[in-house]
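Before any questions on binding or motion, here is one chain by itself as structure tokens, the form predicted on its own.
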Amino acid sequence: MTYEEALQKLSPAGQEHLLQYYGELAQEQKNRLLEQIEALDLSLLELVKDGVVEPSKGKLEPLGAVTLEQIREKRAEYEQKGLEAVRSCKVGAVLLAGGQGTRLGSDKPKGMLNVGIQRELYLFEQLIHNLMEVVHRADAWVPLLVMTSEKNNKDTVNFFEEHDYFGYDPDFVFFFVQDMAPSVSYEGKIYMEDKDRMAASPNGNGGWFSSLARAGLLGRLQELGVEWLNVFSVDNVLQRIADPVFVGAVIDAGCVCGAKVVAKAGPDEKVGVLCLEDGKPSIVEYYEMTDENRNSRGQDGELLYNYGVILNYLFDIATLTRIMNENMPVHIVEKKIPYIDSNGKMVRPEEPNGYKFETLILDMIHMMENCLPFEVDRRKEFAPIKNRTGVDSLDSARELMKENGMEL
């Protein structure tokens, strides 16, 4: 893209200010800015043109799960089907690792967090160990795709290389960078983070598949014969990845999608609940549910909306490919956005000053024809590390790791 082409793209949208400092930049900086502008999706600006309104939820209905008891009864059958899929290289895994450990007091990728006590044990390392259990049982490598961000990609790749991929075969590890979305003022003007760079942030966890495809990895997966992708977050140190029992249950049910869920600790637990919305699978956040929904119970006394998601999903690639070009809902979030002003001075606001755009993986679930909720024991598979102290902290995760026999 040339300067003239960039100006031609920006002018109709009133965003010419992105080129304000173009004449001051070195050639490399100019190229970087023009690349950003070329990739810029200006249609996002229409979403804030007339104010921000989140779409309301449709008709909600409960959705039961394959329960722990039912899984125990059919475990051998499910596991056999899942292991066959893994051995045939039909199952890949996608690690969502674009976040920094900022809330945990680190400026490094969250996966570099040391979760050990008497020894060094990194979050990335433990997740690889979890996946290796399946590799050993199936005697086959599972393709692992690691989604990073622009900010942490270099650190992440270097960390894996420095630690020899924690024993994983590097030929089966693929890194890709999550797509970015611009940050804008309340008036819809795109902020500049520096003279050669607009303010942008990762486009939400719903952008993982489009980012993967744009990185050219969809073709590689097809070459390998991968038909299913198990998507999981970096912060749950106990989760089982490419779990043959989970994979086998989804295949057995004839579903195009599966979600690991845990029984809620109580009606007021603040978790997203897997249910039906207008007859299709949907994840409804705690604050989107009515008091009646949250407290409704069946004849057996169990909560009707009882199963919370833990961000561990299995998707059929053919279905994902088909819906990839459909418009996913874009969520608009108020944030404090650092920017440079018209004089080139950095401003760090103390209050929200604009919007960021995000797509969410929960909306991908709603685009699926069906989804199998698969119950897991939270004390064995759910130890998220989100906070410095208290609930869902490093301390609480370590306690659960020790409870599960892990040496720290």
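We call the rigid core whatever largest set of C-alpha positions still superposes within 1.5 Å between the two forms. Being a predicted model, the structure only gives us computed values, none of them experimental. Residue numbers here begin at 1 and follow the sequence given.
The same protein has a further form, the form predicted together with a small molecule, not shown here; the description that follows concerns it.
Participant: Please run the contact check for Asn293 against the small molecule in the predicted bound form: heavy atoms, 4.5 angstroms, yes or no?
Facilitator: Looking in the predicted bound form, residue contacts with the small molecule do not include Asn293, since no heavy atom lies within 4.5 Å.
Participant: I'd like to know whether Thr102 contacts the small molecule in the predicted bound form, with contact meaning heavy atoms within 4.5 angstroms.
Facilitator: Yes.
Participant: With a cut-off of 4.5 Å between heavy atoms, is Asp243 one of the residues that contacts the small molecule in the predicted bound form?
Facilitator: Residue-level check for Asp243: no, no contact with the small molecule.
Participant: Would Arg398 sit within 4.5 Å of the small molecule in the predicted bound form, counting heavy atoms only?
Facilitator: Answer no; every heavy atom of Arg398 is more than 4.5 Å from the small molecule in the predicted bound form.
Participant: Each of Lys260, Gly272 and Cys371 near the small molecule in the predicted bound form, meaning some heavy atom within 4.5 Å?
Facilitator: No, none of the three is in contact.
Participant: Just to confirm the contact call: exactly one of 243-251, 285-293, 89-97, 68-76 touches the small molecule in the predicted bound form at a 4.5 Å heavy atom cutoff, so which is it?
Facilitator: Flagged stretch: 89-97.
Participant: Can you pick the one in Asn230, Gln126, Thr156, Asn203 that has a heavy atom within 4.5 Å of the small molecule in the predicted bound form?
Facilitator: By the 4.5 Å criterion, the partner-contacting residue is Asn203.
Participant: Looking at Leu212, Val184, Leu314, Val234 here, can you tell me which has any non-hydrogen atom within 4.5 angstroms of the small molecule in the predicted bound form?
Facilitator: Of Leu212, Val184, Leu314, Val234, the residue with a heavy atom within 4.5 Å of the small molecule in the predicted bound form is Val234.
Participant: Honestly, after the rigid core fit, is Arg103 moving at least 2 Å at Cα between this form and the one not shown?
Facilitator: After core superposition, the displacement of the Arg103 C-alpha between this form and the one not shown reaches the 2 Å mark, so yes.
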